[in-house]
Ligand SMILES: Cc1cc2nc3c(=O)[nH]c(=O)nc-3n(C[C@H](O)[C@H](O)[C@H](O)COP(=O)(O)OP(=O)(O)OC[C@H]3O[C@@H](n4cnc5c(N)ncnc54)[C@H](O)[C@@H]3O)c2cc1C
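What follows is one chain in structure tokens, specifically the form predicted on its own.
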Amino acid sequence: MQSIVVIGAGMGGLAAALRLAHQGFKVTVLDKQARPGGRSSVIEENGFRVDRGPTILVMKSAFDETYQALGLDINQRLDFVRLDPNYRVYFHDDTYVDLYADIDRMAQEVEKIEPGAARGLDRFLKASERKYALGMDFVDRNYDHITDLMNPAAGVKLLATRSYERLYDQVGSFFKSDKLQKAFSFHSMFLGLSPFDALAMYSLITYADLALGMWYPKGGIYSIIEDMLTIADDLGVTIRTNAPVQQIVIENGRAVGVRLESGEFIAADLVVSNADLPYTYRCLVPPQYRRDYPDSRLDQMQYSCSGYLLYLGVDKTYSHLQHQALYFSEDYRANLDAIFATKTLPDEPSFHLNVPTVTDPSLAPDGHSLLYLLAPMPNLTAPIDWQKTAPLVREQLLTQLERIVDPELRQHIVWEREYTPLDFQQDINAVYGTAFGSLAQGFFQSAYFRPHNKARDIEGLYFVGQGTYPGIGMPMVLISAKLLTERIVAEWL
């Protein structure tokens, strides 16, 4: 039986381990943290249970398919709730709009903001659906040669859908209102891109959210990780925590195992890294073997943004809140330029507000609420001292929450934690403290141009997760595990 070591127990690493074990490989997963999960970890304290990273999921079919490949049904093992509405979007002037999956209800909502916008909504969704179909043609495949990218029919569709335009500008061709332009363009930030720079192709994410639905598993996203760990045990996968890897051991140009920081050597026929790919090359691969990714190349790559997260336990419940919301600052462009262009602290942060206890009261003690805030921020290439800055950002966010949630909110906070770009770097080796994934999803870091899941310069070394194709987001890392397994099975079995 051939042996495989997986570095990192994030969702992509675990999914790869399960698939490979199911194919007959002997798999060991190593993680530096005390608890598996990576970006999808959890905090459990004082009766509160909060997902540290992702809080809801889209493209549920990727989760269904992962379990089906193992001969299992995820819907029999976990309890999923479809959100309705998907989001409540708050604006600076105390107005808001609810974005429903039900198109008729959503049309009524956008009409309240911009009379006549229902027609623009219909056109926008149809155009985004075409982009989704086009984009998915490039997602679920392995790449070996640039000719794998060549698809004349897709090129025609790329031009016909104007997918090459800038996202925010194209959204503006469907909606006149600044508020609706914000509401239907922000999704690219989850790929580490400003809507002012991202390709219009990425409106496919908005389509996936609204048309395919947003889902919450009872117990939170970490319940999926916990179930994966149960399956791993059933399949005989060895998972070792508190086991940071110091180096991928290479002999004669071939990966032969890993050495832990403790000095222990673990031999393996193949090594799969679920760690950030730039971190893997920069910190785990000896310099003499880094033909394809020397520091000079890594330095030139485009890295995604980071974020400041605030987790609050509150001794009240709020019937007027939705499960998930967004707050947009008045000067949307200035906020995004600070994050992506000037690498400075935004004057008025926009943020994502998640209140999972609206759907799942079990996450908090009786009569309490759990609030999760994520404010996108520059990554650690910015000259920001987070030891001094974190308290300032906290105050800004609490001030806005007092407008949205409760003017006396501060008096009801009974539990609190925060997570800064420094924590992303320290805990999960996220390069530059990136929050959503290390490598931004620009055109030349997508599909064939994104780092491949097989090292070309080191035999027996592979990659899985957001650093390789198809890219950032839980559905994408699950697809990456599928593509990796297909490649390894084809090459080694």
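Start at 1 with the first residue shown and count on from there. Just so you know, these numbers come straight off a predicted model, no measurement behind them.
Although not depicted, the form predicted together with the named molecule is the subject of the following passage.
- Proximity to the named molecule in the model of the complex, defined as a heavy atom within 4.5 Å, singles out one entry of Val355, Met106, Ala243, Leu380, which is Ala243.
- Interface residue among Tyr96, Tyr222, Phe351, Tyr372 relative to the named molecule in the model of the complex, by the heavy atom within 4.5 Å criterion: Tyr372.
- Partner contacts here mean any heavy atom within 4.5 Å of the named molecule in the model of the complex, and among 454 to 462, 428 to 436, 42 to 50, 65 to 73 they occur only in 428 to 436.
- Among residues of the shown chain, Thr55 is one whose heavy atoms approach the named molecule to within 4.5 Å in the model of the complex.
- In the model of the complex, Met11 approaches the named molecule with a heavy atom inside 4.5 Å.
- Using a 4.5 angstroms limit between non-hydrogen atoms, Leu284 touches the named molecule in the model of the complex.
- In the model of the complex, at least one heavy atom of Ile472 sits within 4.5 Å of the named molecule.
- Shown here without the named molecule, the chain has Leu30, Asp31, Lys32, Gln33, Gly37, Gly38, Arg39 in 17 to 39 lying with a heavy atom within 4.5 Å of that partner in the model of the complex.
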